[in-house]
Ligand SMILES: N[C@H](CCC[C@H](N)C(=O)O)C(=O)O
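Before any questions on how it binds or moves, here is one chain, the form predicted on its own, in structure tokens.
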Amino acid sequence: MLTSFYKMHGLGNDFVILDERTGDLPLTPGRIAALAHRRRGIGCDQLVTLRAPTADGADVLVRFFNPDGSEAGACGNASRCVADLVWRCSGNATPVLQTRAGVLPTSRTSDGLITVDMGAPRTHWQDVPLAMAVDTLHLPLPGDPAAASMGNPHATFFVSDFGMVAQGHALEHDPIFPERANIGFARMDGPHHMRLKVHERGAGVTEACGSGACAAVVNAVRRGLAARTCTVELDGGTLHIVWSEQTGHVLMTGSATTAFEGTVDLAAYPS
């Protein structure tokens, strides 16, 4: 039996989206990893599934899976893609997404960009989480990173160049991160502009990371390096991040693009 899928991306951070709202699909970590493979599968930075919501006020339940088959709690770029897909399929321009990280309201701007309310960042060491009780503003690692969770763990290194990016894999697996971590490398070009590269957990360096951009701005504000409204330039394009002083929530605005639609025989991939 062939299963329909959508291939979408947010600033080059690409996703395979499968709809399980009419029935469960035979997805396993191994099959997800096979589908995500760039040469032997469809290829993606993350696989996303849609299900009927269980939370009051939500329009769709969204789950995110890394290309190694592990589950992620949040993905900002994929959330924008899902919001755009729901709008195109149903006409609902303000869908509310239920995720493991919480319920995320979304909206469309007049120029077709998608805004996702990513919720409030978590900065206590147990919430990131970290393996020990430390100040999340100054982790005891070379390079003096800061840490925060946007529903998934992030560490941000503030750098003058991007020579450290090659250390992303080793840093992702540092023992201080019991669930591994997304590793961001941020260069501040002023309080309202950041240049960012992110090594994503289980995926490596991607063209863009929405939750990573949110966490990087939060950490930069906490360090006194950025304003609460900041443009983040990633390899794949630009995101606009606002950390609201009134609500404490982080709002992320950017594009969402459908590359193509197709069908796949899930049974052809090892489980």
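Numbers follow the displayed sequence, beginning with 1. In this text, all values refer to a predicted model and were calculated from it rather than measured experimentally.
Quick note: we don't show the form predicted together with the named molecule, though the next part is all about it.
Colleague: With the partner removed from view, which of 196-204, 83-91, 105-113, 135-143 is the stretch that lies within 4.5 Å of the named molecule in the predicted complex, judged by heavy atom distances?
Modeller: Result of the contact check: 196-204.
Colleague: Can you pick the one in A186, L97, A155, C75 that has a heavy atom within 4.5 Å of the named molecule in the predicted complex?
Modeller: Partner contact (heavy atom, 4.5 Å) among the options: C75.
Colleague: Check C209 for me: does it contact the named molecule in the predicted complex (non-hydrogen atoms, 4.5 angstroms)?
Modeller: Yes, contact at 4.5 Å.
Colleague: Determine whether any heavy atom of N66 comes within 4.5 Å of a heavy atom of the named molecule in the predicted complex, and answer yes or no.
Modeller: Result yes; N66 sits at the interface with the named molecule in the predicted complex.
Colleague: Can Q46 be called a contact residue for the named molecule in the predicted complex at 4.5 Å between heavy atoms?
Modeller: Because a heavy atom of Q46 falls inside 4.5 Å of the named molecule in the predicted complex, the answer is yes.
Colleague: Can you work out whether N182 and the named molecule are in contact in the predicted complex, taking contact to mean some heavy atom pair no more than 4.5 Å apart?
Modeller: Result yes; N182 sits at the interface with the named molecule in the predicted complex.
Colleague: For the heavy atom contacts within 4.5 Å of the named molecule in the predicted complex, list the residues of 2-37 involved, in sequence order.
Modeller: Going through 2-37 in order - heavy atoms within 4.5 Å of the named molecule in the predicted complex - there is one hit, N13.
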